[in-house]
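Given next are two forms of a protein chain, the same chain in both, each as structure tokens and marked structure 1 or structure 2.
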Structure 1
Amino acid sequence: MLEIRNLRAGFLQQEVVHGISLHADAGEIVGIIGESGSGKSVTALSVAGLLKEGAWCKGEILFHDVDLNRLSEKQRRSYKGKEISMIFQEPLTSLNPVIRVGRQIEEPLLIHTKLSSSERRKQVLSVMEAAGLEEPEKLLGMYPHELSGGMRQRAMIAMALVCNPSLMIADEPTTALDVTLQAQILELIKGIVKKRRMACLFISHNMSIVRNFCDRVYVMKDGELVETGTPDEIFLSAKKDYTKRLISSIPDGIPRRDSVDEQSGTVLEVKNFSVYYKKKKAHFYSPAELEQVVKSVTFSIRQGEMLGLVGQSGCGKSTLSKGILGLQSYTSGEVTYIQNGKKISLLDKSSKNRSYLQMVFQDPYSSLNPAKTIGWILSEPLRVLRKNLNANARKARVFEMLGAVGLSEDLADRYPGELSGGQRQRVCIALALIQGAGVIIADEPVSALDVTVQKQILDLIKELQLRTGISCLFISHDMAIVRQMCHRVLVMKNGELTEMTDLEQIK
């Protein structure tokens, strides 16, 4: 189905993929693993014909014995979205924010088929349902920002499947999904690949998924293929040191053994906290116009505690965290920060006490202003909230925080786009801590990172937490990570906290 021969790709004068060759047969799922920057996504984008302006690729990309690199742009366009589809890693930046979800899923059918409007609608609803989207009729008219991260990823998957392609490229297709939905989506993709005899290039940082899901695995490092084999050959008897290092970075899921000091007091209290969304066509803030999505949640975090929060995609974890931070318009209940016995309401809109509670978001790239340097980004909250600091003091604090998260001072002059994913996430952690926050909310802080960088960031968070005594609400879909990072775990379902449990009971 697909054969790549001596593929070289790069940007301007810099070559980043160095003459790799691989193939994917009909009905086969081929995994590609490696650290960030190893060339996985550039290889995938070369096959899909989606390299950015200024990028180039050479070599042969044979699809059904047709060399795609020899086609004109017009000829290549007939393959995009129809014969070759792609599921991207970051659905929020891949979906058009001003076009309704149903219209975006329908677009490949408009371009590549002559189906009637009713036939297109039927096909769209069918593929949305197949991708695990409940109530697809309701979702048709919604915009991407109205969907949870997991729902957006499933909409991307539906869009990729709607034209029944022959080759599907999946670049981290389950990053934003909980383990239950991961299994559903992977089973869906596998069933379609086997039934229709498609080929699938599957790129993932999740080693356990690659091992259980793929038929063959390629390992990439610095733009070159290091090793290839069956999943058992790669994961049980790897030959190369690099492959062995990747595998050794997989979270072991051993429960955290240290405990919070019994004398530690409560640092954050959340009581009867609810978050509401406006209903369609609602104009006024009244109970009749609002829909309750987080329902009377109550919990507390102790000084120096890492409290886990788990639950299926769409259960309200991120909405709860944004509500606590004051990023949701309609809330009720209490959020109180306790410092030296003094209670400070964090829901007071006129208060500047927000610096006590900060957030590390899931996607480090979209969390940072791409037009500003790292130094400017880190010093911005100090300019706004620390009026007593002059320029030299702010600069010293920025350098101090860069050092605290393992980054060199020279990165202060760089832009987010010039940093790796792991470096950007370290900057986000520094940004959350630079004002002296007592509690941070980490919302899937490592889901977009490869396993070796994941381990570095998790070790960094744990080391900072132990050294500074900071408390953390840690949100994740990865149960192994939750087990090794957290002291206690909250379980959320349908907007409610259903239980609090210890690590031994988290599977």
Structure 2
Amino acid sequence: MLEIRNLRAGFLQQEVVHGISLHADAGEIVGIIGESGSGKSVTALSVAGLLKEGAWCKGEILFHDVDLNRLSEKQRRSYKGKEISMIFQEPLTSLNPVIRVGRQIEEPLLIHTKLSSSERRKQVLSVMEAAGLEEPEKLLGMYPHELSGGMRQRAMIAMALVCNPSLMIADEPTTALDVTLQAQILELIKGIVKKRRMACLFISHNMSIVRNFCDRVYVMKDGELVETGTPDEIFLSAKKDYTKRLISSIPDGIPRRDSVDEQSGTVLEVKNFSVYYKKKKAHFYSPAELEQVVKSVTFSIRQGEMLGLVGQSGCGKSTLSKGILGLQSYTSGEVTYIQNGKKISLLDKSSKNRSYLQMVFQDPYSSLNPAKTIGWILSEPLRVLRKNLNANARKARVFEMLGAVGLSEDLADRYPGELSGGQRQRVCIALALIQGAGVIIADEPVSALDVTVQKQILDLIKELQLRTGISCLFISHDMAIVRQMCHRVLVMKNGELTEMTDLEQIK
């Protein structure tokens, strides 16, 4: 159905896809995996005809034996949304915020067909049902922000199906969703593709999804195809080194074997700790009400322990970690840091106490100040908290930490924008450790990173922890990662904590 021959694509003078060929048949889900910058999205957008201005693509894109690349723009448009439709990564931003959902789903019919409004409505309702949206009539008049994340992606799928296309391109369709939702959406796409005998190009960086979901897989690296085959061929008997490296980077999920030293004492104690959000007032004179988001949780971390914290998005994981750090306005309970048998309460807001507990945030792209050099960023906590250190001592400490996280000293003069994602996350880790914190909280520290980089960062955290004996509260939604990283795991649900005793059990 779809055959791509020698496709080259790029921006202005720069070529990013160097002549790839692939094909997809009816009823087949074809996966393209690769790390960011591998050219997989550009390939998908070339097929869909959605390249931005200034980008170009050459080569043949044969769709039902018509070369799409030779069509005029007008002819090309007659394929978009009708024969070839696309599902994007982030359903919230991919839907128009000011247009009702029903109208957005209906739009391809308006553009491509001459159906009457009642026929269109019938078709919209039927694809909405096919996409698993319950009570579609009610949803028609709603706006995207009134829908949940999963419903939004289902609406996107309905929109992609409404003209009965024969090719669907899905660019990371579940990356922005929760794990449980991910599985549902994938099942849905698979069912639709098989039932309607469509072809599906499935772009993803998530190896395990591609493995379970696709009929055939292409591995891309730096704009070239590295390897192709069925998922089993790729994952069990990869021939190329790059593929092997990619596969070995997938978190294996084998539970951690070593345990915390019996002798080591508790470093952080959290007792009956709650975090509240201020509720929106019902009317002007009503008293301010607080809503309990984290509900009186109690736990402790021992020295050298890696404690996992898992839970669905919105369960209060991040709120809890920010609360412990003193970054939330309304909290109650106790947070005690224990140093050499001395108890220090962390909830009073003195900045000195902040140094015991530090955080590594999820997105290294936005959590470093883009206007300052790495050296300046790293020495900032020293300037604030270690007033006795002079400039040379600070510099020495910065270099020491850069070395500890595996970065070279000359990065100190660079700006965050010049660093790769992995390097930036290393800087964030160095920043958390630079003034000798005993406990770090890592909030999804690798979820914004590529698999191979992910593995390096996880290895680094583990190594630092073994070498320096720091403790870590490790927050993640990826169970495989949590299993291989953590000694003990806490599960959070609706603001309450339970402990998981058997790590093998976690799925």
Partner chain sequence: MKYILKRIGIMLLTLLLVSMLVFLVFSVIPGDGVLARLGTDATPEQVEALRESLGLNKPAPVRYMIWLTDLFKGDLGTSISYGQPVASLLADKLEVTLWLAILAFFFIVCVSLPLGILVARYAGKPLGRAVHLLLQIIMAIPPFFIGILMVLVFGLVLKWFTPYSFVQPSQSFTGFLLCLIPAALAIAIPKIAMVVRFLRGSVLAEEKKDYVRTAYSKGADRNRVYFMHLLKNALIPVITILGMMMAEIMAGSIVIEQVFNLPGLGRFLITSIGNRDFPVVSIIMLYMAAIVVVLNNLVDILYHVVDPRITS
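Reference numbering: structure 1, starting with residue 1. If you superpose the two forms and keep the largest set of C-alpha atoms that fall within 1.5 Å, you have the rigid core. What you are looking at is a predicted structure, and each value in this text was computed from that prediction instead of being measured.
- Only structure 2 matches the form predicted together with its partner chain.
- After superposition on the rigid core, the Cα of Tyr218 moves by 2 Å or more between structures 1 and 2.
- Tyr337 shows a C-alpha shift below 2 Å between structures 1 and 2 [criterion: core-superposed Cα displacement of 2 Å].
- When two forms of a protein are overlaid on their rigid core, residues whose CA moves 2 Å or more are considered shifted, and Gly403 is not one of them between structures 1 and 2.
- The shift recorded for the CA atom of Leu7 between structures 1 and 2 is 7.3 Å, with superposition on the rigid core.
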